[in-house]
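In what follows, one protein chain appears twice in different forms, each by itself as structure tokens: structure 1 and structure 2.
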Structure 1
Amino acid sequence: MKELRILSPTAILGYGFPMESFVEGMKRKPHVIAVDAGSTDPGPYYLGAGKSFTDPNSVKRDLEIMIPAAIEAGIPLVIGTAGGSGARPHVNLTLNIVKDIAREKKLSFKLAVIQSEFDKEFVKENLRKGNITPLKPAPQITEADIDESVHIVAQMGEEPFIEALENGADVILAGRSYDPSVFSALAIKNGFNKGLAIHLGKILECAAIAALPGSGSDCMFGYLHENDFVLEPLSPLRKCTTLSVAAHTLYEKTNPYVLPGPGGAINLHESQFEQIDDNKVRVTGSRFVPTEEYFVKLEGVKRVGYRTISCAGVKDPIMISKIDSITESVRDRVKNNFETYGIKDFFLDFKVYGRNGVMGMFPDAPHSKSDELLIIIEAVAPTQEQADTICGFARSTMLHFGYEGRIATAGNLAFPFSPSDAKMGEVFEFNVYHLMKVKDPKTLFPIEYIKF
């Protein structure tokens, strides 16, 4: 095989794509349709809660097109990080959708389901053996951290996908996956350059985001050859340029020249980007450098409490000029009030949009100026009832807070919603974000085969 062709329909399963672009992709006779279905970008909640950040109806819409198209063309469909986070509940969510589609459309195919959630005892055993190290700035973990975790998943490389392909799977549904592996597995199985295959997968995982104008809801096509790969958007509205493709190569990386992953890293020092026509870019020179030992990335979350928020607008220029001192005074008042009742274990924050709502986490960032603000009052406590109480008290205190220069005697805040307070439910945080040394990257990720 001198050329391997890959169709990436959308940046994340459920984001959708124009049917016209997908049809154009199928006209190019791809050898595989591959799609990433998840990310840690939406934060720890979805892994902890066992829920998907993409709507199931949208996921079904995408799969109702992809699965029949792949079966008709006689090519595999590969799905990674099912359900958004890739733990067992997320894989099962997507599996049920696949079963519904197979039943409703009377489809016949072989499905491989690859799990990526680890048992806590297995992780603790590896911790005792010294096989787990932090991904900085994460601290070293303890067995107590592992016990606190709700779900712990590992990013699988291409090896489990290759095994499923070798066993004749028509559709592969995988748990947490190293994003490029979903796209590179068939190519690596067929002997193509691993560095080029994974680099191509790195770009295809986000579909047309690497084009101009970028879109996560449009298709991208990849052509892999012995010494290069070529990228082509499938909508006439978009173009790949050397700038757009090179820029996306830098996406989500701490080092512009090294792309780490399971078992090694892509060295990009010699990568070159060439415009070969109006909307296609050729890439050469990317090399895979294996590590001496094989590592997989672990992701785990723990429950830290429950959240309630209240959103309010501020227009008074006097209040705006004193907003930092006002929020600190309200915070002190809340702390003082609940210490009286013995409630100390809570978190209270004021996110001030229009001033430093986004950049407030950086102490040295200059404050922007605005003639109106949106303040989000956030309370996190061990129970939902306590979070409700703390948020409500902070909201009412700020609503009637008297500050120097205040003229009005009515409320300080304008509430866009009634009720003013919203229960946000459980709160999770990442407590496992580490590398684990493994001997066999395939046996860690069990595969179940289902025939429809």
Structure 2
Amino acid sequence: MKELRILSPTAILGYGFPMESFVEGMKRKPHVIAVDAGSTDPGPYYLGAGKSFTDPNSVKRDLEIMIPAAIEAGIPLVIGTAGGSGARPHVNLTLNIVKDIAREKKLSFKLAVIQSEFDKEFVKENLRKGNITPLKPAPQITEADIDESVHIVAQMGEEPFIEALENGADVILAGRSYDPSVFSALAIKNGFNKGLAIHLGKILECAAIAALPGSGSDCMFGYLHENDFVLEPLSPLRKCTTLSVAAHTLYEKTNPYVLPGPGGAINLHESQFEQIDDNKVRVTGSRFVPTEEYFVKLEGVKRVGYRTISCAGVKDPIMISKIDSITESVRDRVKNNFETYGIKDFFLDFKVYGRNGVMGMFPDAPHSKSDELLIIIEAVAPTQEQADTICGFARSTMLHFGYEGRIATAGNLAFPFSPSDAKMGEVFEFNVYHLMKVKDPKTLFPIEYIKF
């Protein structure tokens, strides 16, 4: 095999793609269609709640096009990080969509379902054996932290995908996956250079984001050869340029020269980016450097409580000039009011937009000056009811707070909504972001086959 062709329809399953681009991709006779369905970007909630950040109808729309196209062409469709986070509930969400499509379209194919959620006892056993190290700057964990985790998933490499392909799977639906694996698995199985295959996967996982103009909802095509790979966007509106591809290599990475993943890292120190025609770029020189032992990345979240918020505007210049001391006084009043009543364990925050709302994580950075503020009062407490209580009390206290110099005595806040407070439900935080040393990367990720 001299060339392996890969179609990446969209950056995230459910983000969509123009049908014209997809048809162009199928005309180029790909050997595999692959798509990444997840990310930790949307934060810890989705892994914890077992929900997807993508909409089920949008996911179904994309799969309704991809599955029949792959079956008709006789090529595999590989889906990674199902349901956005890849734990069991997320895989099941997407599995139900695949089942609906198979039934509605009367399709017959062999599906492989690969799970990536780890049993907590298994993770604790590995912690005791010294196999788990934090991915700095994440802190070290204890067995208690693991017990607190709601779901713990591990990022699989290409090995489980290769096994499913060898067993004749037409469609592979996998839990949490290292993003490039879904694109590189068939190539690595067929003996292509692993460094090039993974680097290509790293670019294809974002589909047309690496083109100019970039888009997360348009297709990208990859041609992998013995010593290079070539990228081609499938919409005539877009071009791949050496700069757009090289710049994408920076995106969301810590160091663009060394990109670590399961079992090793790709090293781009020798990579060359070359414009071969108006819209295609050739890449050479990327190498895979295996680590001495095999590590997988673990991700886990814990529940920290329930959230209620209230949004309100402020226009009064006297109030704006005193906003920091007002929020502090309101905070003290809330604390004092419920201390003896038994609600002590809560988090109360005031996000003040127009001042430091966006960059609040850098408290010493210069603040903005605005003649209008938006304040989001946020309460997080062990129960939803307590969060409602704290948020509601902070809101009413702030509304009528008699700060020094006040001349507008009717009310301090402009509420855009009635009701003014909104329940936000469960709140999660990341608490596992660690590497785990493993012996056999295949057996960790059980595969189940379903015939349609």
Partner chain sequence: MQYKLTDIASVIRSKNSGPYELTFDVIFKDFETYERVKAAKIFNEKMFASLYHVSESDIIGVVHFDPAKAIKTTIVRPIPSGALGETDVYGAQQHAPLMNFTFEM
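Just so we're on the same page, rigid core means the largest C-alpha set that superposes within 1.5 Å between forms. Quick caveat: nothing in here was measured; it's all calculated off a predicted structure. Start at 1 and count along the sequence of structure 1; that gives the residue numbers used here.
Q) Looking at both, which one would you say is the form predicted on its own? A) Only structure 1 fits here, because that chain is the form predicted on its own.
Q: State the hinge position among 60, 236, 134, 304 for the rotation of one rigid part relative to another between the two structures.
A: Hinge located at 304.
**Q.** Rigid-body rotation angle between the two structures, smaller part relative to larger (whole degrees)
**A.** Here the smaller part turns by 7 degrees.
Q: Mind pulling the C-alpha shift for residue 331 between the two structures, with the rigid core superposed, in Å?
A: For residue 331, the C-alpha ends up 2.7 Å from its position in the other form.
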